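Starting off, we have a lone chain in the form predicted on its own, written out as structure tokens.
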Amino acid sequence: MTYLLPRTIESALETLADREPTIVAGATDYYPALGRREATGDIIDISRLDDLRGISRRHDHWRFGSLTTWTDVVRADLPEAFAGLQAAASEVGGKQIQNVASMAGNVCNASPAADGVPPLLTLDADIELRSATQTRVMPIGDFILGNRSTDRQPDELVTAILVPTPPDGVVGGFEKLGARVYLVISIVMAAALADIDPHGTIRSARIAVGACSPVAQRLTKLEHDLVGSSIHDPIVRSIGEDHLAVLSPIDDVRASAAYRTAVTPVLIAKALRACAEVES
């Protein structure tokens, strides 16, 4: 095994063009996944690439460097549209994990229960990938292909997460159900991005659900049907089987598929109400 610690993005990309090492940053997923097994193969640790850190606003989007930590997200002064992402950031493991775990690591690990993915879906986030020869950008929904599977090519490095400047008036919300408060894998989570008028009428909504399918899913039919509804009405009753048809929850040690299906509308309603609470 060779442990590589590049100091520049260019040297990291040259290495990736030459060989296929495992990429780690905070390594909060990598080492626990080994269990009692020894690490094998080459590892490239990109944690010293400071150019990949930080949050900045550009003329038409926000740029989150791939090594931006979840603590960075929690502490950032961001518009209310990012409230759901910041709420999710505060739920990623415990404080120690949030201090070192990177946004890109959470996305590239591609766990169905990755806390950061649903709010990024509602924000229409894109993934920026660089190789030694090109840069490409793609929607996060296309980047994550399935459980632990992404479209990153062996010679590519995720360099940023790009979020189009959200429309005025939209607010984010996030709700997570787990067996305890900290250091828990989600049973179900829901993210919302909504424009709610002063009377509580939903003018627009984006909804994403995680831990209920191999990849977190946007519920586009529900988004359409929620327009004109009141946040003060029992939203749970408005969510039918047809709205959840894109989900495919499973039975596992954390919950049954039936339980996940039953609580999903409750989590969605709470995420939408969280949007209204932030706005008020």
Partner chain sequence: MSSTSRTNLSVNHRHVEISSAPMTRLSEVLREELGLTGTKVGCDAGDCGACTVLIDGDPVCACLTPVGRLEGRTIETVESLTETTEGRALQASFLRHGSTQCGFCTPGMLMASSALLTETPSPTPNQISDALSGVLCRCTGYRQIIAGVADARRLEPDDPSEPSVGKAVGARVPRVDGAAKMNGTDCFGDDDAPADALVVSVIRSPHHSAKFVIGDTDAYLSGLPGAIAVITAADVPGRNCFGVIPPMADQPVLAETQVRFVGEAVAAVVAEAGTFIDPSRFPISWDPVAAMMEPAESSAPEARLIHPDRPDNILIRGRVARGDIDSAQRDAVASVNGEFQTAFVEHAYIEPEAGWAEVDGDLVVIHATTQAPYMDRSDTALILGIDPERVVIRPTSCGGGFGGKLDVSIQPILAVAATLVDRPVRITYSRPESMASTTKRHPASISARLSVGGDDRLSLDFEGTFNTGAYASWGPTVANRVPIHASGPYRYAAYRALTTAVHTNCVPSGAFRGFGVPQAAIAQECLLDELAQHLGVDPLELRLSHALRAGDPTVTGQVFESGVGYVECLEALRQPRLDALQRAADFNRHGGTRRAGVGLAGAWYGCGNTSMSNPSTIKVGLTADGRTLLHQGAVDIGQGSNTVMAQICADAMGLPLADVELVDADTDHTPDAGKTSASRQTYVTGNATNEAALALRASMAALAGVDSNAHMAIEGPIVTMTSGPDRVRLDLGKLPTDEEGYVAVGVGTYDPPTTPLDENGQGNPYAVFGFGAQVVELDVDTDTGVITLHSIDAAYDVGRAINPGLVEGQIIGGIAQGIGLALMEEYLPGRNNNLHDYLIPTIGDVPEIRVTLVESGDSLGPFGAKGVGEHSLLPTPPAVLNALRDAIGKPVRRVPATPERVLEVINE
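Residue numbers count along the first chain shown, from 1. Please read these numbers as outputs of a predicted model, since none were measured by experiment.
Another form, the form predicted together with the partner chain, is not on view; read the next lines as being about it.
Of the heavy atoms in Ser131, none are within 4.5 Å of the partner chain in the model of the complex. Among heavy atoms of Ser230, none comes within 4.5 Å of the partner chain in the model of the complex. For the chain shown alone, Ser204 is not a contact residue for the partner chain in the model of the complex, no non-hydrogen atom being within 4.5 angstroms.
The closest non-hydrogen atom of Leu4 lies within 4.5 Å of the partner chain in the model of the complex. Residue Ile185 is the only one of Leu145, Ala76, Met138, Ile185 with a heavy atom lying within 4.5 Å of the partner chain in the model of the complex. This chain is displayed alone, yet in the model of the complex one of Ile55, Leu52, Ala27, Ile235 has a heavy atom within 4.5 Å of the partner chain; that residue is Ala27. Contact with the partner chain in the model of the complex, judged as any non-hydrogen atom within 4.5 angstroms, is confined among 190-198, 87-95, 166-174, 121-129 to 87-95. Within 4.5 Å of the partner chain in the model of the complex, a heavy atom is found for all three of Thr15, Arg48 and Val253. Contacts with the partner chain in the model of the complex, taken as any heavy atom within 4.5 Å, map within 32-49 to Pro32, Gly35, Arg36, Arg37, Glu38, Ala39, Ile43, Asp45, Ser47, Arg48.
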